[in-house]
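Presented as structure tokens, the chain that follows is alone, the form predicted alone.
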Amino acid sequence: MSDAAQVVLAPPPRAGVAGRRLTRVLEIVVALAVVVGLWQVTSITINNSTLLPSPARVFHAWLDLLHADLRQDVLASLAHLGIGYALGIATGLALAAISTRFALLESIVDPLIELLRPISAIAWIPIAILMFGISAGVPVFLIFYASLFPIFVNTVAGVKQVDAKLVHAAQMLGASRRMILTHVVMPAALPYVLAGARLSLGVAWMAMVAAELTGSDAGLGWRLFWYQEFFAMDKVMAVILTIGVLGYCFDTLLRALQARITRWSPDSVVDEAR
């Protein structure tokens, strides 16, 4: 390996990583301060607490919800997300595996995926309500549907980009098909798979909120609709911010997991330094 390649692949110094992380934290704090400041100024300008409550009022409403219904709603949404996301990821990986293994099945699965992929999960809400009624089945089904496509597309792309020379070299060394899959194909495709899992989580989170707004009897989306019916905008804003914060936390955790699992990837070294 050349010296230039070693420089690229070598992990950054710990002091540099710590400095970048501190800078990132400061950037987040400054961004939040700017948003809260603009929010406060806009609230004062509008002077209508029902339409746009102040940050302080929303914070107090969030504290009240924390001791009331918020924890149950978060748990309900996490249950919907966990079941639907797991089913979507498992199905997407299975379809990608058989599509890349058998050309005939790929010719059948790929057009079907490309036909359904542009259709938003929200468009299926009326049909999901007819199938499952107002229940947890609606958000689970829509989360499953939304999370299936990104993981499938990324996994297929990851497998197809594996260098054929590496596969041929492994075959010449006597590696079995299973060893080639586990030691050559999977490591090479792993960054694509994890990127697909992260994209799937993002669309699954959005589908969850949309489904709970209209087709569920529990969860953050359902609670959002409930408070809107009573014009409790401070509580509506509190739930919206909770949804945003939880989504950000999940994405951060998955990004950290992606960087840790694929430490050998140059892109992961950069992500880990952020």
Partner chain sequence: MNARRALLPLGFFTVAILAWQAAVLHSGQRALYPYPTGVFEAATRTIEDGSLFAATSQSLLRVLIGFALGAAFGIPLGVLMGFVRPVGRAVSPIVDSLRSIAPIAWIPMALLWLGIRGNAALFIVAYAAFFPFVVNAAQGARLIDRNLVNAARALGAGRALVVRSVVLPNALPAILTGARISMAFAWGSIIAAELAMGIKVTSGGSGAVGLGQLMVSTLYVRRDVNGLVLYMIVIGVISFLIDLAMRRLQRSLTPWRT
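Predicted, not measured: the structure shown is a model, and the values here were computed from it. In this text, the rigid core denotes the largest set of C-alpha atoms whose superposition between the two forms falls within 1.5 Å. Residue numbers count along the first chain shown, from 1.
The form predicted in complex with its partner chain is left out here; the points below concern that form.
- Not one of W62, R71 and A259 places a heavy atom within 4.5 Å of its partner chain in the model of the complex.
- Taking the partner from the other structure, its partner chain in the model of the complex has a heavy atom within 4.5 Å of a heavy atom of I125.
- Residue contact check for G37: none of its heavy atoms lie within 4.5 Å of its partner chain in the model of the complex.
- By the criterion of a heavy atom within 4.5 Å, P118 is counted among the residues contacting its partner chain in the model of the complex.
- In the model of the complex, at least one heavy atom of T50 sits within 4.5 Å of a heavy atom of its partner chain.
- If you take 205-226 and check each residue for a heavy atom within 4.5 Å of its partner chain in the model of the complex, you get W205, M206, V209, A210, L213, T214, L224, F225, in sequence order.
- V25 shows a C-alpha shift of 2 Å or greater between this form and the one not shown [criterion: core-superposed Cα displacement of 2 Å].
- Relative to the superposed core, I46 undergoes a Cα shift of 2 Å or more between this form and the one not shown.
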